[in-house]
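The chain that follows stands alone, in the form predicted alone, written as structure tokens.
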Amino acid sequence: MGRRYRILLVSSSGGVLLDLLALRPWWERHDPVWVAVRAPDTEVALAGQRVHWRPELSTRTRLRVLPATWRALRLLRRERPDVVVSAGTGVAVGVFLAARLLRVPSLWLETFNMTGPAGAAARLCSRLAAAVLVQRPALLASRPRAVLIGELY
């Protein structure tokens, strides 16, 4: 089968979670661990997975990014992922900052419903990411380091 990677998947609820779950054929061949926002859909969908529950982080509360990054640094040192993957929202910001500090590569996955300008978390995380995975060809021109992966579902 090849090398098993330690993958840290970072998600909130809703479409972001669905996009990361659509990658299951890839991540289930490895050693996944999750950082997720506790919500009814995340609790059900991630039942049986290793999950570190975190509160959602609004990019409007910039002072909360520092403690979130500190918690993420401790988590990344403990879990020692080979790669971090996220599709969005504020919970990913601290994790992507910590990954950059620890030189852990990260991948930003643009959600399929993203058609316009990226939000604050997406702009920051995509700058920190080694690559930005997009599902729509139209996003290739506007996302630096974009790689077209096509529709996930």
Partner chain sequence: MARVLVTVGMGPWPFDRLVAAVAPLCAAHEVFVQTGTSTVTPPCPYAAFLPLDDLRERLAAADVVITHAGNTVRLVQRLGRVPVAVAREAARGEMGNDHQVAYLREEERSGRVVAVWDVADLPAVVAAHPERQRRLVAERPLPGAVDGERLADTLDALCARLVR
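These numbers come from a predicted model, not from an experiment. Positions refer to the first chain, counted from 1.
Another form exists, predicted in complex with its partner chain; not displayed. Remarks below refer to it.
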Is every one of E43, R80 and P144 in contact with its partner chain in the model of the complex, taking contact as a heavy atom within 4.5 Å? no
Out of 90 to 98, 23 to 31, 46 to 54, 64 to 72, where are the residues with a heavy atom within 4.5 Å of its partner chain in the model of the complex? 23 to 31
In the model of the complex, does A130 come within 4.5 Å of its partner chain, counting heavy atoms only? yes
4.5 Å heavy atom contact, L107 to its partner chain in the model of the complex: yes
For a quick check, can you give me the residues of 135 to 150 that have a heavy atom within 4.5 Å of its partner chain in the model of the complex? R136, V147, L148, I149, G150
